[in-house]
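First, one chain by itself: the form predicted on its own, in structure tokens.
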């Protein structure tokens, strides 16, 4: 069995930083985690990728081609679709090692995850190659500090979960960048009561006042069925990083298929112990 995280989220949500943090944490724990860069527009990241989609196709290739003439968004979609049309390249880059653990650093274009089929095709491909998958959806915590934005981020996460249909973890990234006031406010959202979370939204504008009942109904639906939950991530807190990785490992059942390691112990001979005394 092989294990993988699909690391997804909007642009600027901290996907590459998440990957490099998990690689460093695993190395400190004497574990090996590799990263595959699937962002054809990436310019810089702090990890050494096992495979890099830019060696197959770069965003500039799609944007500068005289026949294609894609913009940034269309170019990203084209690059991912081109990857899926050439699965042999990715399969060769991944190799055939058992029990390997790979993070797939995906592009920052949310449409790829919420309603397009490209990432679902990638999921099917990886499962065919014997990967056990967990989707990891990152949202910038600075975006989620009021009720309306928190509900918007929750609905985006729910769309990804429904579209991909794989085990899923939602993470609030960049917690280390929040002020103390914003962090305290966000803490009340992590286990929210839809009435207290959304009850004052109708006061903020005429639009919110008009659709307040719809907004509250959506909030109650999410809360009643426990559809979405967020885990805060502060990359400066090693214990927090370890807890998030442990949660994902448990979902993946990482290591449960491995043989139990045993060690032979040398027990002291009671007769020799008596003679010495």
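Numbering follows the first chain given and starts at 1. These numbers come from a predicted model, not from an experiment.
Below, we refer to the form predicted in complex with a small molecule, which is not included among the displayed structures.
Contact check at 4.5 Å (heavy atoms) against the small molecule in the predicted complex: all three of 39, 177 and 235 pass. In plain terms, the part of the chain that comes close to the small molecule in the predicted complex, with a heavy atom within 4.5 Å, is 169 to 177 out of 169 to 177, 84 to 92, 153 to 161, 128 to 136. Although the partner is absent here, residue 12 lies within 4.5 Å of the small molecule in the predicted complex, judged by heavy atoms.
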